[in-house]
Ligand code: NAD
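So this first bit is one chain, no partners, the form predicted alone, shown in structure tokens.
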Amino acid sequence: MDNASFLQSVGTNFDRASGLLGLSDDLARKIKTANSTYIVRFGVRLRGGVHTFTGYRTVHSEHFEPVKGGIRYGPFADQDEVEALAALMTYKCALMDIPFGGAKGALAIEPREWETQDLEKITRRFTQELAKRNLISPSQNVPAPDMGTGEREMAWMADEYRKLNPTDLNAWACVTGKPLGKGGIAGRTEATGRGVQYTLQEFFRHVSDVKKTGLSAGLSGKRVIIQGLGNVGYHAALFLSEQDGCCVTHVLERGGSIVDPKGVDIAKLHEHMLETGGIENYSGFTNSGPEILEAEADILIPAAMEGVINENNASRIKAPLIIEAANGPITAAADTILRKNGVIVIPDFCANAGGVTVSYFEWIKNLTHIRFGRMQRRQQENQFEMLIQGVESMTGQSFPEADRKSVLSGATEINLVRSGLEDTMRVAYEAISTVWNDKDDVPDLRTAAMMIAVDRVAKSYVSIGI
């Protein structure tokens, strides 16, 4: 592993971008530095004794409020990791043109070691501690799921916040990533993986960018390595294989890998994992570990932890295109090696921004207290029905039934969410590609993306006299 930490790698990328933008040292320092980090240690009576837990919540930038960022549960969570992730959230929201500042949180806990009822008590106590400092609030600080957390934990947090603030009409907007029955939004679970798919689709629409990889046009038939089959990796692999014709040849997971040159059936593998708790005993299982990242492929998708591609293995990566579905999977030192070797990297704070994008939609839904599509869906259906009837009358032919159903389905919430997500991802990649190709001193997509994000944050501060 590199000597540089995750936080230092993020800082290195920031420094390169701010230098190219010509920001003054004082403004660059203001943007780069986290505004605050809250560390809390609280006790919960469990299993006949009091257990003490350490939690973190970092606010990196409040150039927009509320600030936004997930809460992860992991045994090795620490302040550096949380501050690095909070910084990425600032740049991610700015890049995607989402009016949030950046934040992140974590609880140093191994969730698999605790029963459901214990985790609920721990989560509710953590929520109480965050609420004391307004570090969970619809108007100031809005958490979301991350590694080790999901809809269940967000429902507990929202319910606890509501109990603490019973007169807050917008209490359910204090977190996103909730279940549909608790103010969630259709498409949030799949959002990050879906965003990876949309970003890759947009990349392959840019012929000049694809040429730099040496790959042929189009996603169909592309060989894919996926590292991590959690929520993000699973949905990205599923959509790319079932909808874009990609061939997922390698899946790297905890405890081994699945290898199938003809293509792994992602849906069946995921079902096996849910039933057995792992990938062992599935067809194509091997004991191979991180070396799978170095296998022959067209696209490599690291979708788990940070730092998995570092200066020790970067020179052996064979895939010409990497898309970062995880946060920080490539260290700054590895980035330099990959760039020298001609590997194109689509950076994390673009590629995995689908989650925060749909979280933004959920937050809006909670504040407006109306589901997407409720006002316009039937009116649109009636308009399209009249158009179809007009076409049938003019042509004397019946409109195909399958097409009729598709046209008349109307603007459902999931359709609107996917449409908004696709538009956001496509517009963001288009902007990054333009900067990369138009400026000779921009070495890669990561620098281009960081320049766009930092420039927007800087202009936000300057506009209020900072």
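When you see a residue number, it is the position in the sequence shown, counting from 1. Bear in mind the structure is a predicted one, so any value in this text is a computation, not a measurement.
Unshown form predicted in complex with the ligand; subsequent notes refer to it.
Checklist line | Close approach of Gly230 to the ligand in the predicted bound form, 4.5 Å, heavy atom | finding: Residue-level check for Gly230: yes, a contact with the ligand.
Next item on the list: Answer for Met305 alone: is it within 4.5 Å of the ligand in the predicted bound form, judged on heavy atom distances?
Entry: Yes.
Margin query: Quick check on Glu362: any heavy atom within 4.5 Å of the ligand in the predicted bound form?
Written below: The answer is no: Glu362 has no heavy atom within 4.5 Å of the ligand.
Margin query: Against the ligand in the predicted bound form, would Val358 count as a contact residue? Criterion: heavy atoms within 4.5 Å.
Written below: Residue-level check for Val358: no, no contact with the ligand.
Margin query: Based on heavy atom distances of 4.5 Å or less, which listed stretch (202-210, 131-139, 261-269, 322-330) is in contact with the ligand in the predicted bound form?
Written below: The contacting stretch here is 322-330.
Next item on the list: Answer with one of Leu252, Ala103, Cys350, Ala158: the residue that has a non-hydrogen atom within 4.5 Å of the ligand in the predicted bound form.
Entry: Partner contact (heavy atom, 4.5 Å) among the options: Leu252.
Check: Heavy atom within 4.5 Å of the ligand in the predicted bound form: which of Asp298, Asp335, Glu83, Asp146?
Finding: Flagged contact: Asp146.
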